[in-house]
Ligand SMILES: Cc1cc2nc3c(=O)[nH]c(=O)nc-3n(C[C@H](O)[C@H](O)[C@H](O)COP(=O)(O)OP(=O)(O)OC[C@H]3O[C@@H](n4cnc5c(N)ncnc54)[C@H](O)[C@@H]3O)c2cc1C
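One chain comes next, on its own, written out as structure tokens in the form predicted on its own.
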């Protein structure tokens, strides 16, 4: 029995799509087709999908908000799952804080607005961050004015391992660091998390979120097709060696004279050099050439090997 039939038997006709164009779900808007495609909306959907794909050796690829991805393949074989599992509930409420259970498919923009309005402090600086909570935890997404990471307030996580088993872990398990969580090594799936958020005046939180959003709009390309910051910032040691005022990868790329550099329909943003913009019909081979050009130029001028922050598929 082929994978399509196996999945259809469990989810019903119409739930599984074959040869689905998923470019509209990817913020970089590259043309990509999924061999099989499904949207997972419940915890049960996820548990079933992991069980079936493990049992029948079906390759599994997950997308949330589609940001932080550069897909260079014209087709993704196996099953592509779009995460639409969206739940949020208070599981503990005290005078000082709440423990909030949030599912991985929750859009970050919506989560920021709702928690700020409720007076729950923690996510407010992430307004304007594309994607979902699951992706933010996987990458430990950050905001630097002031420094705030998506994993800062997590106290407990619920994961699905590669064999489809559900397990509960505490925050230490994730080994959060700059642009890093342990999930990048284990490939386990973040299903839900409990976050301890302090109670605060909603007006203060809304003001913080609006300030963060305004700063994003001022310093980053907004409303265009990008995958977010493309390269990781350099280390403190490299920054000091070079005598630069910042370790920002965008600063290095800018200093290398690469703003406005274009290959095909891909261009280094003139607003922030760590963003690569698809102006419409960007081809994978053009993006590959532009990535190589950026890395080679920065290496030549500064002796720095830039590392991609985005997942390249």
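Since the model is a prediction, treat every value here as computed from it, not as a measurement. Numbering follows the first chain given and starts at 1.
Omitted from view is the form predicted together with this ligand, to which the following refers.
- Exactly one listed residue, out of 212, 139, 205, 112, brings a non-hydrogen atom to within 4.5 Å of this ligand in the predicted bound form: 139.
- This chain lacks the partner; the member of 122, 228, 157, 151 within 4.5 angstroms of this ligand in the predicted bound form by a non-hydrogen atom is 228.
- Note on the interface: of 129 to 137, 89 to 97, 163 to 171, 235 to 243, the segment with non-hydrogen atoms within 4.5 angstroms of this ligand in the predicted bound form is 129 to 137.
- Candidate site formed by 104, 190 and 216: every one of these residues places a non-hydrogen atom within 4.5 angstroms of this ligand in the predicted bound form.
- Although the partner is absent from this view, residue 282 stays clear of this ligand in the predicted bound form, with no non-hydrogen atom inside 4.5 angstroms.
- Using a 4.5 angstroms threshold between heavy atoms, residue 37 stays clear of this ligand in the predicted bound form.
- Within 4.5 Å of some heavy atom of this ligand in the predicted bound form lies at least one heavy atom of residue 275.
- Contact between residue 220 and this ligand in the predicted bound form is found at the 4.5 Å heavy atom cutoff.
- In the predicted bound form, this ligand lies within 4.5 angstroms of at least one heavy atom of each of the following residues of 55 to 79: 61, 62, 63, 64, 65, 66, 67, 68, 69, in sequence order.
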